[in-house]
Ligand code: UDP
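Only one chain is included here, represented as structure tokens and corresponding to the form predicted alone.
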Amino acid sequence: MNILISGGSGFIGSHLCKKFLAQGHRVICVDNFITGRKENVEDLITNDNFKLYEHDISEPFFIESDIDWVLHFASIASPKDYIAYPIKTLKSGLLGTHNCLGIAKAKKAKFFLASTSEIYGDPDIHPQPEEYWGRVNSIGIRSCYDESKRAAEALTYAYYRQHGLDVRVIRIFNTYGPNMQADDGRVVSNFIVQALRSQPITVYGQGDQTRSFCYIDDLIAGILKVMGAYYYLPINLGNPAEFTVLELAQLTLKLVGANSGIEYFPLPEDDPKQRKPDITKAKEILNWQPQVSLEQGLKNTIAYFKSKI
């Protein structure tokens, strides 16, 4: 197949590029490198089935070759980055989604949207099923990301209803693993890098807010399952094992073997108190559930960061 991936040099996108190439597909990677890194796909440049275009997908993108799938993964996804680039975040979610949908429609391709658990906001239902409409502050500092993804889903289903476009939508819960950026501000990379540098672990609030952490290999397996099944409604992909942020900090210090301690800071605005996916649909429809434990996934990720910093 010919597969176009926007955000293909990013954390998740780069893993998808490698997976598809290993399966014998042809991959077109589109990225402007605002948060993605060229080094994530440098080893693919010499592969005849791989083409890399440096381009901002929020601007129109034209390509002559046939396309079977358009996967829209271009997004500024970490709080540190989307708070710094709120307009670019909105444009990738709004204009980028519109452009990718237009490519899929023109090429008669299938469209795949990487949405997020952040569309649920600070939830008052726990765990979060796909039917939950969310509790989002539409003008808060996180709204540029949350609302851009909610609008991206709305656009996707407008194309599904009006043009009959074949669509897939996943809502990704906290995912971690190799190819993350060391300075992306996400909790797993933050904790690992701080521990490796013998710096204090920075925990916001009392660390009693909960998250679920899905290892990248499990997420990629879930994405492939979604592509292979005809199910057009949104589906949660994440690990339902729930941990407090403080538990993550303590486990990271233990696995790194660091004694750098923990520092506490005020909780950021609109930071969700709980985050856990209901993956009933993924189990029933896809026969998918995560296989990698948090401890094993952290060991793999720590080894990656040790080689990078």
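Remember, predicted model here, so these are calculated numbers, not experimental data. All residue numbers are counted from 1 along the displayed sequence.
FYI, the form predicted together with this ligand isn't displayed, but the following is about it.
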Exercise. State yes only if every one of 79, 186 and 202 has a non-hydrogen atom within 4.5 Å of this ligand in the predicted complex; otherwise state no.
Key: yes
Quiz item: Can you pick the one in 267, 262, 251, 34 that has a heavy atom within 4.5 Å of this ligand in the predicted complex?
Solution: 267
Quiz item: Of the options 67, 258, 44, 245, which one has a non-hydrogen atom that comes within 4.5 Å of this ligand in the predicted complex?
Solution: 245
Exercise. Check whether residue 142 has any heavy atom within 4.5 Å of a heavy atom of this ligand in the predicted complex, and answer yes or no.
Key: yes
Quiz item: Is the gap between residue 73 and this ligand in the predicted complex 4.5 Å or less for some heavy atom pair?
Solution: no
Practice problem: Indicate whether this ligand has at least one heavy atom within 4.5 Å of a heavy atom of residue 191 in the predicted complex. | Solution: yes
Practice problem: Answer with yes or no whether residue 174 is in contact with this ligand in the predicted complex, where contact means some heavy atom within 4.5 Å. | Solution: yes
Quiz item: Among 57-65, 267-275, 280-288, 36-44, which stretch has residues with heavy atoms no more than 4.5 Å from this ligand in the predicted complex?
Solution: 267-275
Exercise. Scan 102-119 and write down, in order along the chain, each residue with a heavy atom lying within 4.5 Å of this ligand in the predicted complex.
Key: 118
